[in-house]
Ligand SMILES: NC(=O)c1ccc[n+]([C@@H]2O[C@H](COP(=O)([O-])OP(=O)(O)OC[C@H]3O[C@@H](n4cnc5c(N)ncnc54)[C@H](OP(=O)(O)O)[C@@H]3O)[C@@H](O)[C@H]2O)c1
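Take a look at this one chain, the form predicted alone, written out in structure tokens.
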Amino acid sequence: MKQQKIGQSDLNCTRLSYGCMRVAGTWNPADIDPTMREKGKKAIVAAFDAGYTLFDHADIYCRGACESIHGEVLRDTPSMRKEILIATKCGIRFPGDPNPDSPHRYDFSASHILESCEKSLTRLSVEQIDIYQLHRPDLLMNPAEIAGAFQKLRDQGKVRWFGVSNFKPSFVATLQSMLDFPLVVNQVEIHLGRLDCLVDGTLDQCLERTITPLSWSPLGGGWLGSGGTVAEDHPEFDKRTRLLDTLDAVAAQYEVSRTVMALAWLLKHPAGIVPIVGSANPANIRDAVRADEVDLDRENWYRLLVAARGAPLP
């Protein structure tokens, strides 16, 4: 694969990331059986064998079970650790945590950041997390308090780099103003069905500050990928159907799958978008890698953009 720098760091990683959100096969840890666990481990190994070097986690993915499954893989194959980057996130708290009447909320308090990091390190069976991210903006965030927690984790060697997820440019700038080191990633939803980051300043800021944008759900939850469809009662059925037709036509021109073309469209952007591929199917994991080989021209990139907009450019 070609190489893409993560922010201002000197460490190269693949231009696609493997998202571990689905490796447990469920969102309920109680539902996981040995077969599901082995399937998840095989998906992670398939991604590693296919050349993915950045593995994306969050403490809420199956309430930590996805991190634990990856931890088992790393214990089984300890040599893998030196060849991959591990990213994970914290800051989302479920209802009932820690008290029965506690609401769903976001929590960037220093105590929660530090506690969450310790738990992720244990589940992942690693001594250091490569990229630790705040998951969704906490409207009560105190940048100075966060900076103190980050600095402590950095000084202890428990985290190498820090980033954010779903942050608007103003949130990024506010937090960065209190840090003595750069944020290296901002994980956001961007794909042919979600174009906001192209025009709201997110990608501009990434270019300006050399922050790597990570694209979660780069296939729109699946409908943009190979075999994806649009429900007939969807309010944008006609628009999305025309987009898929255009996507199929461009994919055929390049002799690749629809999935590959949707990912290649993201890779074309100069901000260095890193799509997070979340399939647990080894064949799909391997197919997605081909996006890094597609040299999409400007004409077809804009052809897809116009189809995605459902209207001509101004």
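Each residue number is its position in the shown sequence, starting from 1. A quick note: this is a predicted structure, and the numbers were derived from the prediction, not measured.
FYI, the form predicted together with this ligand isn't displayed, but the following is about it.
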request  = Name the residue from L247, L267, A65, A280 that puts a heavy atom within 4.5 Å of this ligand in the predicted bound form.
outcome  = A280
remark   = None of A46, V256, I276, V289 but one has a heavy atom within 4.5 Å of this ligand in the predicted bound form; the exception is I276
query = Hey, of 203 to 211, 172 to 180, 104 to 112, 222 to 230, which bit sits against this ligand in the predicted bound form at 4.5 Å between non-hydrogen atoms?
reply = 222 to 230
ask   = Heavy atom to heavy atom, is S116 within 4.5 Å of this ligand in the predicted bound form?
value = no
ask   = Could you tell me if S120 has a non-hydrogen atom within 4.5 Å of this ligand in the predicted bound form?
value = no
task = Please run the contact check for C20 against this ligand in the predicted bound form: heavy atoms, 4.5 angstroms, yes or no?
result = yes
request  = Look up in the predicted bound form whether T53 has a non-hydrogen atom within 4.5 angstroms of this ligand, and give yes or no.
outcome  = no
task = Scan 163 to 188 and note down the residues that get a heavy atom within 4.5 Å of this ligand in the predicted bound form; none is a fine answer too.
result = S165, N166, Q187
